[in-house]
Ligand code: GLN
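Single chain ahead, by itself, as structure tokens, in the form predicted on its own.
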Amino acid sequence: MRKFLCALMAVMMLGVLTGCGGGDKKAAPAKAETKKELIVGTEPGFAPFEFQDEKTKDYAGFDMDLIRAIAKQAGFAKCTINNMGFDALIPALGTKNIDVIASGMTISEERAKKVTFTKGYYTSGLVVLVNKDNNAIKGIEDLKNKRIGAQIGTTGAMQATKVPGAQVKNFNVNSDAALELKNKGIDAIILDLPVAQWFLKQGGSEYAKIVGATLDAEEYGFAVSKDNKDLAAKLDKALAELQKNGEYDKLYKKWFGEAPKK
């Protein structure tokens, strides 16, 4: 009887081992769950691209509307916007605290070493902003040895450092730079053209003006971490679909008063 039980147990054990994947067969890996929430980082002091609505406290602007539309088009159930300093955005991608940057970020070779950019979604350029009564500064060529303000981490700040003899003062947000300009604490600000235009329309024209030509055109892109090219491709696909179905044009006209140039 004992021999029979031992033999039966041996057969059962062999069956268990076979069922557990003995030999060369391997269990199929479980499918990764699709991420349902897109976490976005922005610095909301860059109207009309991103700013906080004074009444609702919601994040508004072209970038905010566009990234929400892209997230929905790409199949995300939720799009969460996080407020942080502009210079903290790229590090936040590296630590996985956010999935994407939507903050009027210019696509540049230097930044592309740290992040993966989507295709450009807006073409901009830099301009010089001065006080209305300043007739000595007519463009960037007149900023030598002058006091220049710019938002920290932006291409405007980078451009300011190239001006010979300039005293560059960085600000966390453009509104702080504008106040310093009004108080004559700086001679000029270098910033993005659409931001300067929006600022003037919102009352800044009472004391400030744009001078000189627009500097080289720059493209804005959304940024994701270097190891998340799949997300960049997904965002690119969604953006292309919005451009094709007319939703992109609708948002562009809402914030800039005209359809984008084709």
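Numbers follow the displayed sequence, beginning with 1. Keep in mind that this is a model prediction, so the values were computed, not measured.
Beyond what is shown, the protein has a form predicted in complex with glutamine (GLN); the following relates to that form.
K.L.:
Could you tell me if residue 149 has a non-hydrogen atom within 4.5 Å of glutamine (GLN) in the predicted bound form?
P.N.:
Contact check for residue 149: no, nothing within 4.5 Å of glutamine (GLN) in the predicted bound form.
K.L.:
Would you classify residue 111 as touching glutamine (GLN) in the predicted bound form, given a 4.5 Å non-hydrogen atom cut-off?
P.N.:
Yes - in the predicted bound form, heavy atoms of residue 111 and glutamine (GLN) come within 4.5 Å of each other.
K.L.:
For residue 118, is any heavy atom within 4.5 Å of glutamine (GLN) in the predicted bound form, or not?
P.N.:
Contact with glutamine (GLN), no.
K.L.:
I'd like to know if residue 99 sits close to glutamine (GLN) in the predicted bound form, meaning any non-hydrogen atom pair within 4.5 angstroms.
P.N.:
Output for residue 99 is no: heavy atoms all beyond 4.5 Å of glutamine (GLN).
K.L.:
Which residue, 131, 175, 106, 159, is the contact with glutamine (GLN) in the predicted bound form, using a 4.5 Å heavy atom cutoff?
P.N.:
It is 106 that has a heavy atom within 4.5 Å of the partner.
K.L.:
Looking at 200 to 208, 65 to 73, 218 to 226, 51 to 59, which stretch has residues with any non-hydrogen atom within 4.5 Å of glutamine (GLN) in the predicted bound form?
P.N.:
This holds for exactly one stretch, 218 to 226.
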